[in-house]
Each structure stands twice: as structure tokens, then as C-alpha cells.
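This document starts with two versions of one protein chain, written out as C-alpha cells and named structure 1 and structure 2.
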Structure 1
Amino acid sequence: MASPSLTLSFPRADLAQITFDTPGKSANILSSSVLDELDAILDGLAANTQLAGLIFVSGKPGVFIAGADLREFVAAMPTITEAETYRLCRRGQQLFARLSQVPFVTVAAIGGTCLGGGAELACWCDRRVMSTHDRCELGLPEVKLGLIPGWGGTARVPRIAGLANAIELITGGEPLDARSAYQWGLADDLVPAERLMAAAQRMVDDEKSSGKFLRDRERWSRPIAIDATELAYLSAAASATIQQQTKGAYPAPIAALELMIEASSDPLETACDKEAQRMSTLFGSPVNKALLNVFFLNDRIKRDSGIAGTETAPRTISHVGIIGAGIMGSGIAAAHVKRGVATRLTDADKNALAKGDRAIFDEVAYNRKAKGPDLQKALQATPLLQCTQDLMELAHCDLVVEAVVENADVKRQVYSRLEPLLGENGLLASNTSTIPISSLANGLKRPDRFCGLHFFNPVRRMQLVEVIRGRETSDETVATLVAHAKRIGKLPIVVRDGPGFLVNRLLSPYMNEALHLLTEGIELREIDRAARWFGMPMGPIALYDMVGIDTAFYAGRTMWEAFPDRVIASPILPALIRKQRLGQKSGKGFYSYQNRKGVPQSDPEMSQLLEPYCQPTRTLPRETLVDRLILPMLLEATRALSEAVVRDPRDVDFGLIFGLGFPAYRGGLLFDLDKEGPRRILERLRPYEALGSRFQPTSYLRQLADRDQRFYQ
């Protein structure tokens, strides 16, 4: 039998303490065996008439309870019925409800992360004390997995914190820091970590003498007091926000909202029953499965050091230099400054440097809550960023990231000036989006200290970073860059060198196909609309504008040189460049951005500009447009897999979701297509095969179909 996770102790004769500390794990997780342990402990305490209170505490620093055991969810999924899900929810609710029924005060002493089932357990306690520790947070992120809280969260939280707060917390899925939890009434006291236990004990004593907790127990068991007009307003406003955020693709937030609105007029017990019923319809749904897949993709990357074996330790990076203050260089600099890393930025062009400097400050000083600049943040950032035109000032950096124009000669010239200045252990990385790293390393004295470090645009939003191992890149360099990328809040995957690496190699056929469609007479907006309908955050044409037409052209040229059989050298991009229509950065690209909000708008000049290259306007069904855009991407993924560009098919899905914003509710490109299987994909390809080699099935796909296998084994 596994060693217990819960330990019962008695710091005083009238005070019980349950310490949660799963042996050998960094976080406490609520598995079914832990629930059994809790049940048994509560049985034992029921007979103890001396008790004034029970305190829950974690034995792990920085973590109270991270949530339910998701691996148990996945294991149960293939066979579980709705009735069983309902029963499991009811079991959890009834077990936790004992914490609000026992004849003594129950207090959760929360010193760190308190999420999902952990937050539900805490909310069933009479009182919660939280520490002011940075990592102390309380949240119900179930909607991010396509679920709702199922152990009473949707019933307890609205009764404790108010319906409007509960709706925000549960339908948004974002955790609250301790201070906000206190303001919302979800925490009853806020103390420094070292005083957590003392505060919890004091709370037991106060409650015991005042008896206030008994009045709250009674109050929270009833319907919520809210008048019908306010309820209708709350429902309409929240529903509009959710619709705008989810575009109807994620059912859980709306399910949680409807449930909380409906159950607000019910007693607690009925609200719990309705919650279990709702949960049983969501558990195991396609979106739930897809989002669980994304969770595990993420978890896998968080644990990956990027290299085989454990002998090589990553070095620490304290000072970072960035060359090129354009879209990417300034984004990369901001990412570092936001994480407190001393950063030096340089650019050959004084104006570009000044513009980059301003963009970085705007970004790092921005306060999301206040929707404007924050003086405190600006003051913290000021000493961390230095802009200079003197390359010499980057000499002491542990890592220099080059983000100059996508031109191999220019990049090599930069390296030849920089490399002699760097210290013995200084690392050099390129943010190139397509140029093979090993070819950029030609001429370097220390190619082992050179690597690709490919951030995605916009850096503040895209979490992915590709760490590209050149032919001579050392394990230490790879491990250091993987660790460094994680430190600045990014999700790194290690990919093999080659044109476009992984993500741009897969993006290239998608972008390329958009130009084919344009040439065939499909309107810009129709192409973009189809991609968004499929779930992409923006269409390929708008993406050209965001990337920059010149950058996209250079990148496209590299791909065309590498794969001339399936990439076209369209004259459209050079035509835009000749007109200085470089995309968002110049105010005009395929669309015009010369409006107050900078949103893409049709530009009548474009039809004139495109006319010589395009057939007369025509339309195609949306499904056909999606097939045309997505299937070449899939075929490229199968080529990349057979060339071992990544170590696992899951990396393809991870890269597309976190690098391109591929819709998470689909679980990933390969995960999504696995639902239909390779034989069906071959059928879907057939009508397009005449379009050229870019639509011909690959041997990888055929083999899977022959063996009736899936991408995910």
C-alpha cells in the first residue's frame, strides 16, 4: 500500500491538525486514495467531543494543494459513464461537506498554490487563512480543462464570495492572489508565512467563542439573496464576456455560468446536486479530452531538460544582450526585463533603437488591471534595460540573442564583430525564423556555444520558444537555453536544425497555400475568415501583415530554396514590398492599419495591386478553404516526423498550439486528426492531389494508414 499523504496530529489537546504531504512528490494532489484517507480521519475525529477545531495545512513549501489527480481522470475516461461521474462528484462533495458539518471549527491554512479540488476543500472549511507568500494563490481553473468544479466549488464559492465574484473566478479560470482572495472574502485573514499556523489557531479560538462560524454555516446552506433584475443583468453581462472570449468553442465557462445562475435560488445541497449533473455531461467530452491533452503536453515540456541524461547542468544567465531592436528584438528584451533580467539592447539604426526602447517600456510598465501605465513597474524596469549603439557594451553578457534582419550575410557579419568580444562562457543565439543554424555557425570560433533561440511573434503572447540545436551545438548550450527560456516564463522545445525548424516549416505550407488561394481569385477576407472559423486566432493574410511582409518574404525564400517542389515563389510579396507595404509595422500590408485602433481594414488600393497576379474573384466553400490551408500543414508535419525534426509527435502539437495559437480545444493538429485516423485523411486529400506535390500523401501517412495506426501511439 502507498504511504499515507495525510498525517493527523494534535498541537493542543483540543486542536487537530491534518498535514498534507504526498511522499516523493513536489505537489500535493487529491487522488482517490487521499480522499479515502481524509474520510477515515474525519470518521476518527467525529467521536472526539473535546475538539475546538481542525486545521488543514500543507507540508510542502509554496504548495497547499495543486488540484485533483488528472492522471486518474485520463485513466477513467475510456469507460466511465455519466452516472459514474455524477456519483464521483457527489462522493467528493459529501466528503468535503463534512468539513462544514463537524461539531468544531475547520480552518484551511493556505501557504501556497491552492487550486481546483484543493480550493474546493478549502472553501468547504469554515475559514481560510492565507499567507502573503508570492506563490500563495487560490483558483478554480477547471474550465481550462473543459470542466467545471465538481466537488462543490460552484455551490460554495458564490455563497461565500458573492455570485458576481464567483462567476468571474470560475468562468475565467484565473487564480486570485492572496490579497484579492482576502478582498473577495474567500480568505478571512492574511499573514506572513511564518505566522500562518498561529493565525489559524487564533481563528479557531475566536470562532469557538463567538460561534459566528455556525451562523455562516446556516447562511451558506440557503439560496443566495439576490434580486431578479440583478441576476438577469449579471447573467447577460457574463454571458457576453464569455462569448467574446471563447467564440463559442469552449462549452465549460457557459455551463458554469448557467449552473451558478440557475442554482442561486436553490439550497446548497440542491446546487451541489445540479453541479454533479452538469459535470457528468462535460467529463470525457471532446473538448475536455483535447484540453487534457494540452495540459499533459505542457507538463511534459516543463519536465524536459532538453538533453539526454543528467550529467550536464545548465549555466546561469544573469546578463543578456539583444541585437536588433525591431519587432522581435524589443519583444524579447521586454520578456527579459519583465522577469527581472538585466538586458542590453542594441541596433545599427538609432531611430529603431529609440522606438524599441519606447515599445519595451510601454509593455513592461503596462498594468492589465488598470489598463494603463504603472509607475511602480516603470521604476522597477528602468535600471534593468540599457540601450546602446556600442557592441562593446554587450561584451560581459552571458547570452547575446541576435534578432537582426532575416539575412544570413548580415547575421554572420554581426557574429564576426561580436564573437571576439564575448567572454569564455558567453553564449550566442539567433532568433532567425528559417535560416539553418549550422549554416549560420560557419565561421564561428565557438560553434558549440551557438544555438537557435526562436521566439514567436508577438513575444508577449506566444509562450513557445524553439531551441535549435546546430550540428556543433553542445549539450551545455542546449540545457542552458532551455533552462533560461523557462526562467523567463517561456515553454521551450528542442528541435533539430533545418529550414524553418519545426513551427515555421509547418507554417510555411499554410501561408504558401493562402497565396495560392489569393492567386486563384479568393478574397483576402474569405481566406482569413475560413482560418478563424477553423479556430486559428488570425487568418494567414493578417498573419503576413503581423510578421512583416519583408520578413515573410525572406523566410519564404529560404523555404522555397529548401523545398522548391512544394513552395511557390509568389510575385505578390515582392509587389507589396516595392510599394513599401510591409504590414502592420508600416501601417499598410495586405490590409490597412491606418485607423485609430490599428485593426486590419480592407484597402481599395489592394485590388489594383493584386490584379496582375490574380484570377477573377470567385468563392470556395469554407470547408474546402480549411482543407486547403490545413492539409498541406499536416503533410509537412509527417515529413518533419520522418526526418526526426522533433523527438515525439506531441512536439508538433505543442509547437503549433503555443507557437501559432492553433486552437487548444482541438488538442493539437495530430491529436485532432487522430480522431478520424490516417485512412480518412487520405480520402480527404484525394480531391486536392491534382493541385501538385504539396497535396500528395507522404510515405509516413501511407504507412500509418496501412497499419491503421494513429500519430499518438
Structure 2
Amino acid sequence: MASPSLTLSFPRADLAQITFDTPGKSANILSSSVLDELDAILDGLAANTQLAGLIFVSGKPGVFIAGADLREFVAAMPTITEAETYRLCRRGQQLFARLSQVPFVTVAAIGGTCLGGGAELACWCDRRVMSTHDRCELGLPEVKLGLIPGWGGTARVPRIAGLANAIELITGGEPLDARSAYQWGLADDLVPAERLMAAAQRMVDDEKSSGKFLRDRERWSRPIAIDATELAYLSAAASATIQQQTKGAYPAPIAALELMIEASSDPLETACDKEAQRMSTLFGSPVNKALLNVFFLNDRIKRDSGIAGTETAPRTISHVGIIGAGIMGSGIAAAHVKRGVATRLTDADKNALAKGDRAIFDEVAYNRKAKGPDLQKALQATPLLQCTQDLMELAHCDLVVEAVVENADVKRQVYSRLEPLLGENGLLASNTSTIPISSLANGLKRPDRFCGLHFFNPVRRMQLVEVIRGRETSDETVATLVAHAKRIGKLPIVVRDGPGFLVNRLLSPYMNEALHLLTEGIELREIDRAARWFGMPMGPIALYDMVGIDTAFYAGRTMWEAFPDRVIASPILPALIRKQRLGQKSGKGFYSYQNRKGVPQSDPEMSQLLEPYCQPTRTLPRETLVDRLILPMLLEATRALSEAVVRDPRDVDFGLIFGLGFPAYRGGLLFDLDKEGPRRILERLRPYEALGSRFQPTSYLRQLADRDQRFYQ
């Protein structure tokens, strides 16, 4: 029999304490067995007439309750009905509601992460005490999984924190830090972590004496007092904000908003019943399944050591050097400084170094809440960063990341000077986005300690990092860089060396096909509209401008040299370069950016420039444009899988979502197409096969179809 997760104790005769500490787990999760445990404990306490209060506390540092057990959700999904989902929600609501009905005060002592079902449990308690520790937060992120809170969150939180606050918290899905939770009324006291239990006990005594918790129970059971005009305005304003943010692709935020507006005039019990009804329509929906897949992709990467089947221990990296103070080098340095890693930045250009230094401190010292610099953050970062023009200053670094110009000869010159300076265990990594790592390793005396570490631009926003393994890169080097990437808040995937690695290799056919469509007479904006309709954050034409036409040209040439049978060199990019139309950075590319807001606008000059290379203007159905853009990307993914560029098909989906912004509500390229199956994909490809080898089905795809298998086994 499994060990219990909940332990009941009595710090004093009139005070009960439930300690949540799931055996063998780093976080507390609300599973069905835990709910059963809680139900049984509350049954036992109901007969104790001597109790003044009950306190919930976690036995895990930094975590109160991380939420519900999502693996139970997935296991139930194939067969569960709406009626069963409704009953499960009602069961959780009624269980948690007991915390607001027992004849004694209930207090949640929150010392760390408190999310989802954990936040709902806490909000059913009469009072909440939170630690002032930085990691202490409270949130209801269910909309990020295509769901709404289902254990009373949409009913209880508006009555405690106010309807406007609840709408922002629940439809946005972002957690509140302890101070914000206190300001919103979701926390009743803030204390240092070491005083958490004392504060909770004192609150029990105060509430028993005043009886205020009983008055709040009665008040929170009633409808919300709000003027009809204010309610209509709140609904309209929140709906507009949600539509702007989600583009209508995510149904859960709107469902949560409509539910809270509608149930605001109901008693608490009716509001809970409506929540369960609404939850039953969302659970198991295509968007819910897709977003759960993204969650598990993320969870898998967080657990992955980078080395399959071995127990290779990573080395600890304490000091990092960055060579190159440009946009990427400065961004990589800032990522390290923000995580407390001692960093040295070097560049041969004194002006570039000074500019990089300023950029790093601007980023590190930025306070999102104040929307400006934070002096305290700047002071904390100052001793962590050193800027120097002397390469010798990097000699003691455990890891040096090279981020110089994308030229193999220049990079090798840097390595020839740097490698002799590094210690016996020093690691060297390149931030190259296209140049094969094994090629760059030529001439190194210790190629086993050399690896690709490809960050994505802008580094401050993009979580993905490709750890590219060269032919001679050791397991220890890979494991160390995977662990280090996680330490600085990034999500690493291990990629086998090859042209474009993974993400840029799959991006190449998407971008290349956009040029084909242009030459066939499809207008710029129509191509971009089709991509955005599919869910991409921007169209491929706008992406060319953002990346830089010259940068895209050189990256495209690398892919053409590697795959000339399916990457066709287009004259359009060289024509733009000759006209100095390099994209956003020059003010003009495919679009013009010479306006106050710098937004892309059509430019009449482009029609004249494209005329020699393009057929007369014509249109294609939006679905056809999407097929033309997405199917070549899929086929390239099957080639990458057959070549073992990644260890698992899920790495493809993870890389595209977190590296390219592939729409999360689709769950990933392969996950999305698995809904159709490989036989249906072959049918979709048939009308395009005459366009060339880039649309020819691969043996990998045909084998899946022959076996009636999916990418996700």
C-alpha cells in the first residue's frame, strides 16, 4: 500500500495540522488518492468539538501544492463523458467546500508555489498566510491547458478578491506573487518563511476570538454585489482584451469570463454548479488535448538529461565567458547574469563592448512591474559581470560561449587562440545557427569538449536552446551543457550535428516555399495572412524582414548547398540586397517600416522590384497556401527523424513551438498531423507532388502509413 501524502498532527490540543508531503516527489500534486485522504481526515475531524482551527502546510520547501495530477486527466480523457467530468468537478468542489463549513477556522499556510487545484483548496480555506519568499506565488493557470478552474475557483475567487481581479487572474493564467495576492485580498498576512506557522496559529486564535471568518463565510456564499452597468462594461472590456491576446484560438479564457459574469448574480453553490457544467464542455476538447501535450513536452525536457540510457554526471559551471558583444553575445551574457552566474564578456571592438555592457545592465536591471530600471537589481548584478578586451581573462572559465560573426574561418581563428588558455576541463561552445559543429571542431585538440549551444533571438524571450552534438563531443559535455542551460532558465533539446541543426532546418522549407509562392504571383500579404490564420505568430514574408534579408540569404545558401534537390535558389533575396532592402534594420525589406510605429506597410516599389521574377498576380485558397507552407516542413521533419537528428519525435514539436512559435493550441506539428494520420497526409500531398521533390513523400512517412502508425507511438 502506498504511503500517505497527508499527515494529520496536533501542535496543541485545539489545533489540527495537515501536512502535505507526497513521498518520493519534488512537488505536491492533488491526485484522486490525495482527495480521498483529505475526505477521510475531514470526516475524522468533524467529530472533534474541541478544535479551534485547522492549518494546511507543505512538507516540501518552495512548494505548497503545484496543482492537480494531469496524468490522471490524460488517462481518463479517452473514455470520460461530459456527465462524468461534471461529477468529478462537483466532487472536488464539495470536498473543498467542507473547509468553509467546518465549525472551526481553516488556514492555508503557503510557503511556496500554490497553483491550480492547490490555489482552489487554499481559497476554500477561511484565511491564507503567505511567505514573503520570492518563490511564493498563487495562481490559476488552467486556461493555459485549455480548461477553467473546476474545483470552485471561478466561484470562490471573485467573491474574495473582487470580480475584476478574478477575471484578470483566471483568464490570464499568470500567477500572483505574495505581495500582489495580499493586495488583492487573496492573502490575509505576509510573513517571512520561518514565521509562517506562528502567523497561521495566531490567525486561528484571532479569528476564533473575533468570529469574523463566520461573517465572511456567509458573505462569500451570496451573489456578488455589482452594478449592472459596471458588469456590462467589465465584460466588454475583458472580452476585447482576451480576443486581442488569443485571436479567438483559445476558447477557455472566454469561457471563464462568460461563466464568471453570468454566475456573479448567483449564490456560491449555483456558481459552482455552473462551473462544473462549463468545465465538462472543455475537458477533452482538441485545444485541451493539444495544450496538455505541450505541457508534457515541457515536462519531458525538464526531466531529460540529454543522454539516453546512461548516468553521465554533469560538471558544475561556475564561471562563464562570452566572446562577442553583439546582440546575441550580450543576450547570452544577460541570461547568465540574471541567474547569478559570474560572467565575462569580451570583444575586440571597444565600442561594441561598451554597447554590450549597457545592453546587459538595461536588461538585468529592468523591473517589469515598475516598467523601468531597478537600482537594487543593478547593484546585485554589478559584481557578476566583467567586460574585457583581453582573451586571457577567460582562462579560468568553466565554459566559454563563442558568439562572433557567422563565418567559419573567423570562428576557428578565435578557437585557435582560446583553446590553449582553457583549463583541462574547460568547455567551449559555439552559438552558430547553421555551421556544422563537426566542421568547426577541425583543428581543436580537445573536440570532445566542444559543442554547439544555439540560443534563439531575442535571448531574453526565447526559452529554447539547441545543444548540438558534434561527431566527437563527449557525453559529459552534452550532459553538462544541458544541465547548465536549465540552470539559466532555458529549455534545451539535444540535436545531432547537421545543416541547420533542427529548428532552422525545418524553418528553411517553410521560408523557401514562401518565395516560390511569390514567384507564382501570390501577393505578399496573402501569404502572411494564410500563415497567421494557421496560427503562426507572423507570416514568412514578415519573418524574412525581421531576421534580415542578408542573414536569411546566407542561411538559405547553407541549406541550398546541403539539399540542392529541394531547396531552389531564388533571385528575389539577392535583388532585395542589391537595393539595400535588408528588412526592419534598414527600414525597408519586403515591407516598408518607415512610419512612426515601425509596423510593416505595403511598399509600391516592391511591385516593380518583383515584376521580373514573378508571374502575374493570382490567388489560391487559404487552405492551399497553408498546405504549401506547412507540408514541406513536415516532410523535412520526417527526413530529420530518419537521420536521428533528434532522439524522439516530440523534440521536433518542442523545437518548433519554443523556437519558431508554432501554435501551441495545435500541440505541435507532428501532434497536429497525427489527428489525421499518415494516410490522410499522403492524400493531401498528392496534388502537390508535381511541384518537385520537396513535396515527394518520404520513406519514413510511407512506412508509417503502411503500418497505420502515428508519429507519437
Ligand code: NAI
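Heads up, when I say rigid core I mean the largest set of C-alphas that superpose within 1.5 Å between the two forms. Residues are numbered by position in structure 1's sequence, first residue being 1. Keep in mind it's a predicted model, so treat the numbers as computed, not measured.
Trainee: Just verifying the output here: the form predicted in complex with the ligand should be either structure 1 or structure 2. Which one is it?
Mentor: It is the first structure (the form predicted in complex with the ligand) rather than the second.
Trainee: Among 330, 283, 96, 301, which is positioned at a hinge, defined as the point where C-alphas switch from fitting one rigid part better to fitting the other better between structure 1 and structure 2?
Mentor: Comparing the two forms, the hinge falls at 301.
Trainee: Treating the chain as two rigid parts, how many degrees does the smaller one rotate relative to the bigger one between structure 1 and structure 2?
Mentor: Rotation between the two rigid parts between structure 1 and structure 2 amounts to 10 degrees.
Trainee: Once the rigid core is superposed, tell me how far the Cα of residue 459 moves between structure 1 and structure 2, in Å to one decimal.
Mentor: Superposing on the rigid core gives a C-alpha shift of 2.6 Å for residue 459.
Trainee: Residue 356: how big is its Cα shift between structure 1 and structure 2, in Å, with the core superposed?
Mentor: Comparing between structure 1 and structure 2 after core fitting, residue 356 shifts 5.0 Å at its C-alpha.
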